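What follows are structure tokens for two forms of the same protein chain, given separately as structure 1 and structure 2.
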Structure 1
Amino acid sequence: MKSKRKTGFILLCILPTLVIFAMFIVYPVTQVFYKSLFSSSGFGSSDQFVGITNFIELFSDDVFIQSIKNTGFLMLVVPVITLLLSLIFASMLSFGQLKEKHLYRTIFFFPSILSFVVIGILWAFIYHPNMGIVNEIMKVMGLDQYALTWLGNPDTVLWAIAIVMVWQAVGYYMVMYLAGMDSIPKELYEAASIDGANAIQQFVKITIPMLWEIIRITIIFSINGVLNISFVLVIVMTSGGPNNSSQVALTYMYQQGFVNANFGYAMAIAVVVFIVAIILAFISNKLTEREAL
């Protein structure tokens, strides 16, 4: 009697959530893979099974090749710079014993709670050739000849976007690392100091190994996060231009799906991105695998 009521309670608690999660998240994920095998204008009847044709076409599509290169570039460059800077800032705050530590933490974390749209618009103006502060700073420093149309130049646009992504995420990971660092036993550092290890040696020999598991998690988070934010930033800041030089895979997917109504093709793009992300996560996971201290 009691156990029947218990089972009923458990089911009532988990089933509605499970149904909604399955319907709005899990089912669409499976659809991405399934629909990528169809030539589809999207609405039911006109779907035609075409096997891997979409994927074959993708690899002779120059825009797609460009977009996947750009995505790969961001997935490699942004996590490396972001996590490195986060580690450096976190260790400064953790070891520096500065009185204003909490103030820095609050300010550095701030960009990571802002809307990507707001960030994109703001930075589009920061990079603006005439009224942007980047070029203003260049002028003040006498580097006029390097003042550029940052977002309008195929050579600089991707780096310009990468910098925004780093700016947005550094504080977030810094806070994660800071919490980890503060929980490392102080005796380790004291012992190392007595043995004559300097700050950098302590960082490499104690901090990094002690944080290793957190670092591994943040690498995967960061690679994955690039997908989401690059989509919004590219749409808001450049629409993929100039000449597709800042097109990322997911903005191209959006374009193929919602502008060209080429849904099957768009899903094939999503599948490739998904596979690239998994492979990158897998590789970084393998590369960072080591015995815990």
Structure 2
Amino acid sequence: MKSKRKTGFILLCILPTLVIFAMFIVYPVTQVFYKSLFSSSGFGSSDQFVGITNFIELFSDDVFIQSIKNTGFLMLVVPVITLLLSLIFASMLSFGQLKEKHLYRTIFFFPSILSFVVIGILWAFIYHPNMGIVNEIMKVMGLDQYALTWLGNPDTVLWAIAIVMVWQAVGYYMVMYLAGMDSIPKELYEAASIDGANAIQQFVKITIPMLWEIIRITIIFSINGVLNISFVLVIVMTSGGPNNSSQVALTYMYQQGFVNANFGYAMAIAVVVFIVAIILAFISNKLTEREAL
């Protein structure tokens, strides 16, 4: 009897959370899958059931294929560079003898509290071909031939956006690694030093293994973060140009749904992105799985 009361009390406590989760997560997701099977403008009664036709057209759509390639490039490049730099900076601030380490923590973390729209506008001016600071520095250094239209060149636009995403996220993950490094017992490093291990060996043999669970989480966060952040930055900085060279999956979905009024097709893109995100999260979790130390 006491056990049943306890179970009932727990269910009563989590009921509001379950209701909110069902309203704002489960119901919208099921509607996305359902609407992807219709030809719809998104304005009511003109919906027509077309089955998997949207998905068949999707994989013969050159712009969609290009957007998936661009998204894949960012999901491959940005997390690797971001997490590597975050680890290096966190290690320098945690174990280095820097007097201004608290100032550096604030400076590195500052981009993480800025709005993505503000960041996109800021970097659009930094990359500006005529008054941007990047080209001005190139000209001062006598490298005029490398002063490019960074966001207007198909060869450089994705790298330019990737740099912005790395700049925005490095401080955020660095703080997470710093918290983990502060919890590692100093005796481990003292024992390793006595055994003759240098700083790099201590980093590889002690710091990385002890931080591994945090690193696993940040890999998944970073991959999923690329999907969301790339949408805002591409919309603000390039609108997918030039000639779809910076188009990513979510901007193409937005364009189809809210510019071309092709809502069913946009929902089909959303379904593919949702499935890809789940698969990547599962794969990254499995690849980094190891026994706890």
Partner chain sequence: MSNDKNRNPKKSKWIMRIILLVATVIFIYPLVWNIIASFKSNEEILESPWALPSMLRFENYIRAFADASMGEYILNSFLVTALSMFLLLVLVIPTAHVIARFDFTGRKLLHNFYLAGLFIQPVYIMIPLFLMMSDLSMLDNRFWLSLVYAASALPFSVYLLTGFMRSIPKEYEESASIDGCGYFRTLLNIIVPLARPGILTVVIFNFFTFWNEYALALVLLTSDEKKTIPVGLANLMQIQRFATDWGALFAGLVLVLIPTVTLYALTQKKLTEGMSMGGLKG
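Only the largest set of C-alpha atoms that superpose within 1.5 Å between the two forms is called the rigid core. Please note that residue numbering is based on structure 1, beginning with 1 at the start of its sequence. Predicted model, so just to flag it, every value in this text is computed and none were measured.
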I need to confirm something. Of structure 1 and structure 2, which is the form predicted in complex with the partner chain? 1
V26: with the rigid core matched between the two structures, does its Cα shift 2 Å or more? yes
Distance the CA of P16 travels between the two structures [rigid core superposed, Å]: 5.2
